[in-house]
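Just the one chain here, laid out as structure tokens, in the form predicted on its own.
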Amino acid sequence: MTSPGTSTFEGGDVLSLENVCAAYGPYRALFDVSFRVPAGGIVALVGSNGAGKSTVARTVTGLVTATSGRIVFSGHDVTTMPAFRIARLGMAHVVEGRGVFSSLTVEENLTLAFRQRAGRKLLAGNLERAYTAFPILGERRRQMAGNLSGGQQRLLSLAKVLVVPPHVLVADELSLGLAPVVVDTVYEGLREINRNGTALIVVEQQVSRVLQLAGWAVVLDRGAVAYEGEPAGAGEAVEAIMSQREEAASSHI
């Protein structure tokens, strides 16, 4: 395993997890999860269904409270902090689902987000930036967000972040169910957000795709870290886990 003391982690860590455990009632979901996210970096969080990827995403953003361990974000211990306070510190979470107000138009969705984050005076300029980055949203600005396609709704969620960048964006399975051409647009949006200085945690099942984007990778298996290191080694780690599972399944036939 490669040490995080490489150039990938220069500039310090904006987020770190230290032996984090989490549970849903009596069901333990995470076991001593530890990894770091460099300021301005991109970390891929990969693994099979049920590996614990989305639980990690919910735990670092405060939607699930860690039962033990420590989470430090921008110098603050946020282990037991509620989600709204973590968001105020500069954490954003874009999920696979809609993540938009379906009964409001595209522009009304953006207006709410931009006024809250940047104020009224910058609204016109921020709207223009969003429509420049994602022209399809400009074309659909008067359309109800609930009537957009799944891919367009995810672009709308990203546009809210692109214009007023957070310190960390957690992107959870954004490519799920999307056509390849739409995934290309979503990933370009992620790259643009990262270019603006936001660190990314990208939760993804399309392993090869996200490893092309990331500078660091974490592989989860049954709620624990099976690998942390350079993206090149993450694909091999995932394949090894899948091979072990197939062998175990065949031995029980």
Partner chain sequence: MEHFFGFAFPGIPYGCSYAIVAVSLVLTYQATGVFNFAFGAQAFASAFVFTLLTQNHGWSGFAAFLVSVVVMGPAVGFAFDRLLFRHIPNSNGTAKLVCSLSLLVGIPSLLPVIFGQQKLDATATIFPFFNPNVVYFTLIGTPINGIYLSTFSVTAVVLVALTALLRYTNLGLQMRGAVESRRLVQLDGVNANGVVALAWVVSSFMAGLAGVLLAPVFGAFTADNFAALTVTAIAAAVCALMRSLPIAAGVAVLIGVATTTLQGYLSPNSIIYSAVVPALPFLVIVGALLFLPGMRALESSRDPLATIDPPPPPTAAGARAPKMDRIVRTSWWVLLAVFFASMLTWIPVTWESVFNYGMALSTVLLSVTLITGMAGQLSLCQGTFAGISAFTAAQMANHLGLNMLLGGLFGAALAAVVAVVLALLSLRLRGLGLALMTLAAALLFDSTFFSAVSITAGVEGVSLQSKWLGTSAFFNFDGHALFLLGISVLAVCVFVVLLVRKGTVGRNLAAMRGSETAVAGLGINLSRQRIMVFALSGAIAGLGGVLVTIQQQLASPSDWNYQYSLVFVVLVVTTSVSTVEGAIQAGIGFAVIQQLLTYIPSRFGGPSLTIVLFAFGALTYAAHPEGVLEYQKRRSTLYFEKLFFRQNEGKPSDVSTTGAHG
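Positions refer to the first chain, counted from 1. Quick caveat: nothing in here was measured; it's all calculated off a predicted structure.
Keep in mind that the form predicted in complex with its partner chain is not shown, yet the notes after this line are about it.
> Would Pro82 count as touching its partner chain in the predicted complex under a 4.5 Å heavy atom rule?
So Pro82 counts as contacting its partner chain.
> Just to confirm, His93 within 4.5 Å of its partner chain in the predicted complex by heavy atoms?
His93: contacts its partner chain in the predicted complex.
> Is there a heavy atom of Gly41 no more than 4.5 Å from a heavy atom of its partner chain in the predicted complex?
Because no heavy atom of Gly41 falls inside 4.5 Å of its partner chain in the predicted complex, the answer is no.
> Any of the heavy atoms of Val64 lying within 4.5 Å of its partner chain in the predicted complex?
Judged by the heavy-atom cut-off of 4.5 Å, Val64 is in contact with its partner chain in the predicted complex.
> From the list Leu122, Val164, Ala87, Val72, which entry has a heavy atom within 4.5 Å of its partner chain in the predicted complex?
Answer to the contact question: Ala87.
> Of these, Val100, Leu169, Val78, Ala133, which has a heavy atom no more than 4.5 Å from its partner chain in the predicted complex?
Of the candidates Val100, Leu169, Val78, Ala133, Val100 is the one lying within 4.5 Å of its partner chain in the predicted complex.
> Sort through 56-64, 32-40, 192-200, 211-219 and report the only stretch with a non-hydrogen atom within 4.5 Å of its partner chain in the predicted complex.
Selected stretch: 56-64.
> Is any part of 111-141 within 4.5 angstroms of its partner chain in the predicted complex by a non-hydrogen atom, and which residues would that be?
In sequence order, Thr111, Leu112, Ala113, Arg115, Gln116, Arg117 come within 4.5 Å of the partner.
> Since the CA distance of Arg195 and Gln153 differs by 3 Å or more in the predicted complex, is it closer or farther than in the form displayed?
Farther: Arg195 and Gln153 separate by 3 Å or more in the predicted complex.
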